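Below sits a lone chain in structure tokens, taken as the form predicted on its own.
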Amino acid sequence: MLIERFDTDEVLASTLATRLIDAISLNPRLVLGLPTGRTPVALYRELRWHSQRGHLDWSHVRTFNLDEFVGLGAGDPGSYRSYMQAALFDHVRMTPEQIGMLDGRAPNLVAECARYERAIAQAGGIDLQILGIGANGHIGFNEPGDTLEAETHVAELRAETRRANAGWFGGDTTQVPSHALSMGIATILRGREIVLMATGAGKQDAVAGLVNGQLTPRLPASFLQLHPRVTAMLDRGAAQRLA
């Protein structure tokens, strides 16, 4: 695992945005796996800025987001679809067919998860998967537990995860859905390259476990140790427990 440290989350985001520009230039049909939450906000701001200045051509890029809340979808303010529209998709030249999102309002959630796996496979798989990490070590909504799901699935969210997402729901944890749809660990690991972003001192324990801990479903991010091409991009706060 390659560890890269940055003085601030802004420098981290700027560096990753530049790498994405280069990657899309080299492969205009790049398939991207994308995260949501607070960590990638600065990255999406950088991508909007570059896109508005013509530095990025999104016309053949495909994207697949990691997760979505059960019960929410396009048009719902707390949905990750709405997050992504506001953060990126409304500002770049992409057609709906290029954008892969889970539908939290699907009538059959198991079938929706299977559909998503097929869509990723039909796109040729994910070339570059970008991840955040939760303070409890989750990636996507793969929460700590005795076992982990391999492929896209319905996940029950832990209390700390719901608290961490309360900001998208007016600060009211009770309004955060109790379940979400999420890519599984194997789905994530099938990405040809993975970049994990971690910012803030609240992530330092999870990052330490990711880099130096044992492989365990109690820290889902630890399974990234199995992947041959992972880069962890960390700001000072997130990296402070590393030597």
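Computed from a predicted structure; not experimentally measured. A residue's number is simply how far along the shown sequence it sits, counting from 1.
Quick note: we don't show the form predicted in complex with a small molecule, though the next part is all about it.
> Which single stretch, out of 51-59, 25-33, 38-46, 205-213, brings residue heavy atoms within 4.5 Å of the small molecule in the predicted bound form?
After filtering at 4.5 Å, what remains is 38-46.
> Quick check on residue 98: any heavy atom within 4.5 Å of the small molecule in the predicted bound form?
No, residue 98 stays farther than 4.5 Å from the small molecule in the predicted bound form.
> Quick one: is residue 161 in contact with the small molecule in the predicted bound form, heavy atoms, 4.5 Å cut-off?
Taking the distances in the predicted bound form, the answer for residue 161 is yes, it comes within 4.5 Å of the small molecule.
> Is residue 134 close enough to touch the small molecule in the predicted bound form, meaning at least one heavy atom pair within 4.5 Å?
Looking in the predicted bound form, residue contacts with the small molecule include residue 134, since a heavy atom lies within 4.5 Å.
> Contact between residue 79 and the small molecule in the predicted bound form at 4.5 Å, heavy atoms?
The answer is no: residue 79 has no heavy atom within 4.5 Å of the small molecule.
> Quick one: 67, 138 and 165 and the small molecule in the predicted bound form, is every residue within 4.5 Å by at least one heavy atom?
Every residue of the candidate spot has a heavy atom within 4.5 Å of the small molecule in the predicted bound form.
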